[in-house]
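Form predicted alone, single chain, as structure tokens, below.
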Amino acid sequence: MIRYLTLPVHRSESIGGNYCLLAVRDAGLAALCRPGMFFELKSGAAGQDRRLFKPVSIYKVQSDEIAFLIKVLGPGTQALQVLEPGAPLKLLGPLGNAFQLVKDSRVLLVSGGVGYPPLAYLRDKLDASNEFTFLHGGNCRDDVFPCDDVWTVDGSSGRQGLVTEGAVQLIRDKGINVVYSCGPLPMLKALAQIVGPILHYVSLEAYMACGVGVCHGCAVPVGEGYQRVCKEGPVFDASLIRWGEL
């Protein structure tokens, strides 16, 4: 069930670099959330009515609190960053589909940059019967967050290099049989090649004008046709995506 409402910001925090955390409280809304889903967010402050909503993945759900980890890139996300507790936040969601949850599997989670939040939420919800390793990569120390193995392009935190480099050895050494991923398209394309026939669920990032499947602006080549990231996705079976057309 998709809901459109305005809620007061419950928590607002700076997370270093260009990231901030916003959280709202609503028990009914929190009960609808699943790992992989997202919301369309917009500041409810005066002067923001004409701005587009921004698609933001769910980062954490604890009891009645829903938290979002947001990378500040432009005017829309800057307007979200300056919201203080009690300020109005407009929300549409939860939107999209969710990750398939597995049991008794050897799981690898791979995220890059702002692809971290949905996998962090997924990690919290994975069944304890799974063995899993969480890799995360970014350009520098400001782009990385708590996980099992950090990679940075400039070497300022963790290992220097691309996060996909770490995936190659882990898949072989740990006998990984399920992979979850979210991040920049080049990372996802490279990872799909590395993973090969292993079951791989990927959450795609896309520009979205509506977020509800009306405009078809986020369509991607899947199977024999096209599917919308905001409606049929954002989570897809990576083996069905025609990566060469992206």
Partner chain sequence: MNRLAASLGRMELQSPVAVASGTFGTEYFDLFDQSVLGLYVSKTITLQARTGNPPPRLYETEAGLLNAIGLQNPGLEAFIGEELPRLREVLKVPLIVSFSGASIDEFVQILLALEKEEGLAGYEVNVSCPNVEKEGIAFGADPDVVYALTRRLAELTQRELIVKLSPNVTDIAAIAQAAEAGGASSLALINTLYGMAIDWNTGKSRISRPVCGYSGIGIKPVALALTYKTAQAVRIPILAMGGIHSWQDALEFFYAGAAAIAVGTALYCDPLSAARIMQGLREHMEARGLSLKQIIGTVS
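Given the structure is predicted, the values throughout are model-derived calculations rather than measurements. Positions refer to the first chain, counted from 1.
Just so it is clear, the following notes concern the form predicted together with the partner chain, a form of the same protein that is not shown.
Chemist: Please check if residue 246 has a heavy atom lying within 4.5 Å of any heavy atom of the partner chain in the predicted bound form.
Modeler: Taking the distances in the predicted bound form, the answer for residue 246 is yes, it comes within 4.5 Å of the partner chain.
Chemist: Should residue 186 be counted as a contact of the partner chain in the predicted bound form, where contact means heavy atoms within 4.5 Å?
Modeler: No, no contact at 4.5 Å.
Chemist: Heavy atoms within 4.5 Å of the partner chain in the predicted bound form: does residue 2 have any?
Modeler: Although the partner chain is absent here, residue 2 would touch it in the predicted bound form, with heavy atoms inside 4.5 Å.
Chemist: How about residue 32: is it within 4.5 Å of the partner chain in the predicted bound form, going by heavy atoms?
Modeler: So residue 32 does not count as contacting the partner chain.
Chemist: Select, from the options 173-181, 22-30, 189-197, 51-59, the stretch whose residues sit within 4.5 angstroms of the partner chain in the predicted bound form by heavy atom distance.
Modeler: Only one stretch qualifies here: 51-59.
Chemist: So, a 4.5 angstroms cut-off on heavy atom distances: do all three of 141, 150 and 159 pass it with respect to the partner chain in the predicted bound form?
Modeler: No, the candidate spot makes no contact with the partner chain.
Chemist: Which residue among 126, 79, 107, 92 has a heavy atom within 4.5 angstroms of the partner chain in the predicted bound form?
Modeler: Checking each option against the partner chain in the predicted bound form, the one that comes within 4.5 Å is 92.
Chemist: Exactly one residue in 70, 37, 212, 67 has a non-hydrogen atom within 4.5 Å of the partner chain in the predicted bound form; which is it?
Modeler: Only one option qualifies, and that one is 212.
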